[in-house]
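This document opens with one chain alone, in structure tokens, the form predicted on its own.
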């Protein structure tokens, strides 16, 4: 690790670009080198923008071990901890070690096709399984090899605790404290009639559980979305979803409190 090397990534908003100039100048004053090219040897990755910019940076950097700091120039800013107005004061805290590290769990989907090929997708917020063009999809759902249900609806979402406040929340899923190791399964527009019986609320599972999704034979096209990144498949045999061993380390203020954040952003 190069303790004096900082990576900075930003979206294209004018406010974010202005913030990058200021942040670069402040770190230069303390003898740091700042680059917009990812280096696994950097001591810190700064993401400037909103939560979308943060997610993009995490994916573009390949879910690295390097800790992240979010500077919010967007709207919600749930991952983005610091505003530009707060940055100078926070920088002094950072240099003196007055901060905490919040580990964020990720979720992994392993797609196994009928020819035995495997494809892996990692999401910080969620992994979503859908059918073609958001048409009704029919899926067998198992938890640790036990068939729980034959689901019919628009699809399912699986989120680690750190992703519970994203798409999962808009679907009516539970907000989960990220200090809990859990995997949440949330239905998307489930069909619950005399013909189809689909669960209509989220299921909360321990993080060591594995969800197995088996498309019915009629399902020729299955789409996997990890944090909005779409990949289409044909001839899917099954998809195994679990909490990944990969974590993202997010720098927080020394007095950060998750539920205060929830209150300020949602309630």
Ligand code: NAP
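Predicted model, so just to flag it, every value in this text is computed and none were measured. Numbering follows the first chain given and starts at 1.
Beyond the structure shown, there is the form predicted together with this ligand, which is absent from this document and is the topic of what follows.
Please run the contact check for residue 81 against this ligand in the predicted bound form: heavy atoms, 4.5 angstroms, yes or no?
Residue 81: no contact with this ligand in the predicted bound form.
Does residue 183 make contact with this ligand in the predicted bound form, using a 4.5 Å heavy atom cut-off?
Result no; residue 183 lies far from this ligand in the predicted bound form.
Give a yes/no on whether residue 87 approaches this ligand to within 4.5 Å in the predicted bound form, heavy atoms considered.
Result no; residue 87 lies far from this ligand in the predicted bound form.
Would residue 67 sit within 4.5 Å of this ligand in the predicted bound form, counting heavy atoms only?
Result no; residue 67 lies far from this ligand in the predicted bound form.
Between the options 117, 170, 192, 134, which residue brings a heavy atom to within 4.5 Å of this ligand in the predicted bound form?
Of 117, 170, 192, 134, the residue with a heavy atom within 4.5 Å of this ligand in the predicted bound form is 170.
I need to confirm a contact call. Of 179, 197, 75, 98, which residue comes within 4.5 Å of this ligand in the predicted bound form, counting heavy atoms only?
Contact residue from the list: 75.
Of these, 88-96, 120-128, 134-142, 148-156, which stretch puts a heavy atom within 4.5 angstroms of this ligand in the predicted bound form?
Result of the contact check: 120-128.
So which bits of 208-226 sit within 4.5 Å of this ligand in the predicted bound form, heavy atoms only?
Going through 208-226 in order - heavy atoms within 4.5 Å of this ligand in the predicted bound form - there are no hits.
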